[in-house]
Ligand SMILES: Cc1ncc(COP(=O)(O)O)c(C=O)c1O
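One chain comes next, on its own, written as structure tokens: the form predicted on its own.
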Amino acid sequence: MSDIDLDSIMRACADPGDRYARLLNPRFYKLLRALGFDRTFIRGEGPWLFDESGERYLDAIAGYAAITIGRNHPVLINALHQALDSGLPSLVQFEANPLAGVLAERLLECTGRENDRVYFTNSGTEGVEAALKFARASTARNRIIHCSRGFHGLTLGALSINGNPGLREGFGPLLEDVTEIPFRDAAALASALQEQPAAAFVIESVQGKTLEVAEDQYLREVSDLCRRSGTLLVADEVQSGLGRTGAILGTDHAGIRPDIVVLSKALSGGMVPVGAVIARGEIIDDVFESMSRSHVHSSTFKENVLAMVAGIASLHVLREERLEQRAQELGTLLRERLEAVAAATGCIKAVRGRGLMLGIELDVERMAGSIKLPFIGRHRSTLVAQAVVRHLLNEHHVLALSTSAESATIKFTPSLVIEPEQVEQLASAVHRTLERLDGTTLGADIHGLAGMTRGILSP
């Protein structure tokens, strides 16, 4: 039997966009074209991406914050090669997986939760689903409380606690007995818990959509409220965990200890999907309460060999290269530079976030106040943000992300291996872009984007 030649397969992709549009998601590809993202990247190294013409791009999206150790880190690549060459069997299912035990031990040591237990998943949203089930099983309660504008995934259970209405629309009835409260409002949580006990309160230490930070005192207050009411505090650290905010966990800044922590993204090294739910031992015992229920929650691909090796290698790099400290130091530098851009241009209303999970909220009225175009309507803010993202990519070779259709927030989550000069490059690109677009060119850009995205941004 002949081998597959991946190089030949890639070379044969003469028009990959056309194939993607025909066979996968045509509207997503149309959006990529509108934003200028319809290009093929053929190589990644550290914080960089390289396209088919050899052009280099600074990746400040980093796989939605999953590429914390940089692309194709040699330690990770070597570990995965060893796993593939070893012949280790994967997906045995009925075994005490030795690699899972090693990763669990190192993960608990890394997070300072040595007395807890771990349940491995294939993604962050699966981790959230597991956390919801575990909280309900442990407390014998159904109610879940979450925050406005929070993001916890897009599967049905996770979507039920998604605080972004536009993402819930069109999918019919979701989980019942779910309560949404304002973010960073401890009094609202106290009132909700007084009204009715809850199984869990789910929160992000830094919101992925808004980049709003849960202040340390607020986290301590809600932790105390949950403890006194018997409500489990679930920290969704899928984006903020494992070094990104300048600490191993985002909640570490407040010195609190959530009952359940959900991790993913960074644990994968950006190569093999893996997630983890860390919970107090008694919570896990409540779920898997007997031998007959020892597999009452499971999945086919959890604890597979490549995922466990990717997790072990990623944690090794995280600690060896002290990436949480780099996130703190370089995040401080990037914030300072973005705040200087805000002062110089007047186009930024706020710089938000923590560590290397930062965002800017654009001043839409200042940038586009005089632009009057038909059919823009409620998409005005996101079109301004998308115009900035497009300019960053096309003119400065920087990949950034507009977070939602409801705001003009642009997010930066570069790999934690970036250097100070790349921070300066990113901030300079933002500065030059806002200077350029704070004038007549913005109108033309928005007009073009509005035309290209009609039928995509809304039905």
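Each residue number is its position in the shown sequence, starting from 1. None of these values were measured; they are calculated from a predicted model.
As for the form predicted in complex with the ligand, it is not shown, yet the points below apply to it.
Enquirer: Only one of 92-100, 293-301, 168-176, 234-242 gets a heavy atom within 4.5 Å of the ligand in the model of the complex; which is it?
Expert: Of the options given, it is 234-242.
Enquirer: Pick from G246, G163, G359, G153: which residue has any heavy atom within 4.5 angstroms of the ligand in the model of the complex?
Expert: Selected option: G153.
Enquirer: Exactly one residue in T251, S268, T125, S138 has a non-hydrogen atom within 4.5 Å of the ligand in the model of the complex; which is it?
Expert: Contact with the ligand in the model of the complex is made by T125 alone.
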